[in-house]
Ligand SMILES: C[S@@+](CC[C@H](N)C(=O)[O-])C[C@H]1O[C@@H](n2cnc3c(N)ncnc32)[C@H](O)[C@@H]1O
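Next up is one chain by itself, shown in structure tokens, the form predicted on its own.
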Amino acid sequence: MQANALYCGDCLQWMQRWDEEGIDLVYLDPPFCTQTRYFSSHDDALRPAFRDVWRWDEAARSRLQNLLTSKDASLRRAVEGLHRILGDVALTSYLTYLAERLVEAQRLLRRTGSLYLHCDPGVSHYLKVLLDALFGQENFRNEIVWHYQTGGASKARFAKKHDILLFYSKTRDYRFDASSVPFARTEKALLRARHRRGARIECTNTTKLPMDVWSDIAALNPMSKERVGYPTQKPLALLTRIVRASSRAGDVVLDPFCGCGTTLQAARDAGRRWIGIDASRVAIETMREHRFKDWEMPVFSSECSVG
């Protein structure tokens, strides 16, 4: 395992090769089980980036059997319970895929390390069961709601305008400093403080600590200057908050589904070391061409797909 490097291929295969307890922070933004194919769009050209398409097949059955023979009794019970509830369906295939990779991510974390899993509200409750089994419910720290305004509306239901981030620490002795990522108070709160009308703060206290609902970070709109043309790209501000709150300068940050490299950018800007893995050749090319053009970094390759 080498820091400040990209690894192209299946993150499971790469993580299985590495010694345990070498990572301080893991952020995962895996496929969301949308049953969709995603394309990268840059310079008016579309290229297949990755597939988020799942079905119950022999590969899924093999993953299930491997998990049901795990030495971790809590994980076995969680996987068995989810399989009994859901059956041989696409969602079970997705959950077994992520479970194998979460096992390795947990193994790689140092005792003081933490993991953030970015996921869709439609599957977050199942993933929380897996994470409770792996980390222990006592090491669950937050279910963070990232609320944004972009996207369309629906006449059939309330508009879906949030993602879930599940935050776990490996032990009770973990690194966390919310004071490193304050955000601005509203003008209304500051005005109330200046006039002393029901104020609970001093007027000089212009920032506050983040809560578990993050509505101050906007999702990237189509015209954002941050955009590099890769689908599912997340804003740098989101990853900066996670990296700064849950790691220290010099720590190693791992993103096993690094996409266009936003986590790596946030880690580098904050003085952390970083490791990025992605199975898509388009993702690796996008990072090298549009985000890391001036970075000196090795790229290790096993087998990359083209979506």
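Residue numbers here begin at 1 and follow the sequence given. The structure presented is a predicted model; accordingly, all values stated were derived computationally and were not measured.
One more form of this protein should be noted, the form predicted in complex with this ligand, which is absent from this view; the next part is about it.
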Of Q233, S93, S124, Q106, the only residue with a heavy atom within 4.5 Å of this ligand in the predicted complex is Q233
message = Taking this ligand as it sits in the predicted complex, is F257 near enough to touch it, meaning that at least one heavy atom pair lies within 4.5 angstroms?
response = yes
- Item | E285, heavy atom within 4.5 angstroms of this ligand in the predicted complex | no
In the predicted complex, F50 touching this ligand (heavy atom, 4.5 Å):
yes
Checklist line | Residue contact check: C11 to this ligand in the predicted complex, 4.5 Å heavy atom | finding: yes
Testing 210-218, 225-233, 80-88, 139-147 against this ligand in the predicted complex with a 4.5 Å heavy atom criterion leaves exactly one stretch, namely 225-233
Taking this ligand in the predicted complex and a 4.5 Å non-hydrogen atom cutoff, the residues of 273-291 making contact are I277, D278, A279, S280, A283
